[in-house]
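Alright, here's a single protein chain in two forms, structure 1 and structure 2, each given by itself as structure tokens.
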Structure 1
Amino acid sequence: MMVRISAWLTVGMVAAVIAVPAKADIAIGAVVPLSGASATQGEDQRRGIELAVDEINAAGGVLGQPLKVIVEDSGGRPPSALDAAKKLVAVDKVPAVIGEYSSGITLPIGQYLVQEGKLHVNIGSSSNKIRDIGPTAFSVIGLEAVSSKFSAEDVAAQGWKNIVIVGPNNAYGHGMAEGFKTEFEKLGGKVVSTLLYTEGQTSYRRELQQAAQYKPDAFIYSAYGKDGALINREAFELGVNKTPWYAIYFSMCTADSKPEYVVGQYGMDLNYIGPDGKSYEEAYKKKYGADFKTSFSGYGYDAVKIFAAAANKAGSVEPQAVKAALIEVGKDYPGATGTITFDAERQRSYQPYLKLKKTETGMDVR
């Protein structure tokens, strides 16, 4: 019985594959985590991509044809991500693939794409190892060194000397903590403790109480989704928030938190008030009826937009031509996440971040 069902299912799927019609429109691929532990970020990346596609097609598409981004789920699993990347390259014949979120997936799919001579645009991983992927790989997100330097200087400027870092125990958290510590200690500060919490717990009271025992001048933290909301709430409830808190990617850390919990926090975030950024934020709110869930949607948006601009400039979607055009376009390109300029290794060399402080009445730009 079950055999027959699964056999028919397989036959149906194979038939479906063969029946896929040849597409006239221009397609590129994206691999993001729509399920698994990073599904929230992946969904936000997808939203950014979707907004860019809407906007590009409303303005006439790429090279006069509509643009399509084939979004594949990585499930947060490297084998599935590689399935998806190979499908996009070998079957859909896309010239470029953007993604993923976690460095452990971005690295292997990036390396595969480079081997195949396709373009890869990193929109979510900040590990410094991304720099070495290869000659057709780009990053529209500033790697660790870029954001750490900015936030370490900002923290030092507040006069805080002894700080505790709080971050998730994953690739992002490890990179953030390590990067910040290096830069902050160069400036004469001291990281008295680094607390990497396990994501998805029902409470972070114990971690917070451990951190509070160090009596630091400030807590530097980064967290997303439910963890961020819970940490802010419990820090407020335990009174740990009487010490200053500094959020790396403010809107992501406080997305689900009530304002009462996070009043008085300092932080830094992507620049969404540039010429393109403000309209992007409004378009996002209009389409999804909510504030940014994470800081990652903007990179998906920028990656698609900058690809479209480069393809239009090159007059083709052939990877080498687009690569050359991308290097040209990527000089002071006005992105939603701020000005994008690629360095000699095609990584984003500089990102204009905002310095923020939450007050009773709203968010102040310091």
Structure 2
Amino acid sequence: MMVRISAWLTVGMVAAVIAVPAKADIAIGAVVPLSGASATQGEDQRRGIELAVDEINAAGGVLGQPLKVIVEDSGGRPPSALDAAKKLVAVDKVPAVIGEYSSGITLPIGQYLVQEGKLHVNIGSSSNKIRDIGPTAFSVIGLEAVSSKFSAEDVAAQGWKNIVIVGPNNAYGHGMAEGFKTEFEKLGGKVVSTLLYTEGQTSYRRELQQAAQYKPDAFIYSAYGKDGALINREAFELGVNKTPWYAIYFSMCTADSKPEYVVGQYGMDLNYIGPDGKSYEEAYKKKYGADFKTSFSGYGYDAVKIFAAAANKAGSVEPQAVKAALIEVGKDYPGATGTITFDAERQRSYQPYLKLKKTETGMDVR
């Protein structure tokens, strides 16, 4: 009898062990453009996010549990992005969402997330308006106040005095144009015209011909991937590219363009690898068998990693607890994209950039 009871207990104990559930995932969300004009940049953001999750889980996860990032496609459209953010909050119950890419999309989803008491981490947008999203919003990427001064000084160093600005007619385009103009005119330059175009057109020939009439020393432009590809092709076909072109965020403007259309272009871009980023670069190449598509993947990577570090420090994924920990972690955090320090408004206070020129043989860092 005792043997049978012992056997029964043994079987029951084994059954109990078998029935122990696996540790539940800790989930956060991401909204990025996996389709639409900025799909190339969005896919690079997704890759950075994926690599961060791989590393975090290999090291034990967050609070001892596996981390999962639920990635939603914005389609590059504000309504779709907002629907995605609402789904992540209402259905997936995430405490934090990272994204988007375009400032005109990042602003409404960030505002919604703050209203809902969730954390928002900007990984791709630079409009100065992002600074005002709200108390639970952070940026791991520098805003226009930082980038405009850098690009204006670089353009002035080329000896160009009279320039035309070309950019999208949205929150990012307005901020880029205004910020560059302010900084460039401080240096004695002149903006003879600012041309803001409608995104998603089938042709930009009219705008290019209009801009060319001003006969500037250079065109300063910024464009999302697919729009940039069309602008660069038509500028090449019209001969407008014989005047120097300077790209603000070079990989955004040219990643979808044929190389022959952008040879000779100058530009600036995010410094996507900092002193602590070499291992990330090697992991990217190993996993995807290629170099970075754009300069934006590292910011998705850094956002996930810094969230995980803050959650582990806080001992919680509750938004207010993670917010407090993020402020502490975000003091000289060694990100793949360089040192990240948040200012008093939770924005990246210093952003390293690169000076670039496209040549026949590749990309030169000037």
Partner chain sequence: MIPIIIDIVLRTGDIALAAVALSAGYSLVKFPNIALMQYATVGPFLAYLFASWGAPLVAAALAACIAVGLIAVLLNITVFDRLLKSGSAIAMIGSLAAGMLFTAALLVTAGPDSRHFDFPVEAPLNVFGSPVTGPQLLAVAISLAAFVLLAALLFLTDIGRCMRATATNPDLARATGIDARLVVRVIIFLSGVLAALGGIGIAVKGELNILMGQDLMLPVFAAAILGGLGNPMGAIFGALVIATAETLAATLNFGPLIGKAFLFIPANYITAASFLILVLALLFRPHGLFVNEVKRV
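None of these values were measured; they are calculated from a predicted model. In this text, rigid core is short for the largest set of C-alphas that superpose within 1.5 Å between two forms. When a residue number appears, read it as a position in the sequence of structure 1, where counting begins at 1.
J.: Only one of structures 1 and 2 is the form predicted together with the partner chain; identify it.
T.: Structure 1, which is the form predicted together with the partner chain, differs in this respect from structure 2.
J.: C-alpha of Glu178: shift of 2 angstroms or more between the two structures, rigid core aligned?
T.: Yes: Glu178 shifts by at least 2 Å between the two structures.
J.: Using the rigid core as the reference frame, would you say Arg233 shifts its C-alpha by 2 Å or more between the two structures?
T.: For Arg233, whose C-alpha is compared between the two structures after core superposition, the shift is 2 Å or more.
J.: Inspect the rigid-core superposition and answer whether the C-alpha of Lys358 shifts by 2 angstroms or more between the two structures.
T.: Yes, the C-alpha position differs by at least 2 Å between the two structures.
J.: Core superposed first, then measure: what is the displacement of the CA of Ser148 between the two structures, in Å?
T.: Comparing the two forms, Ser148 shifts 3.2 Å at C-alpha.
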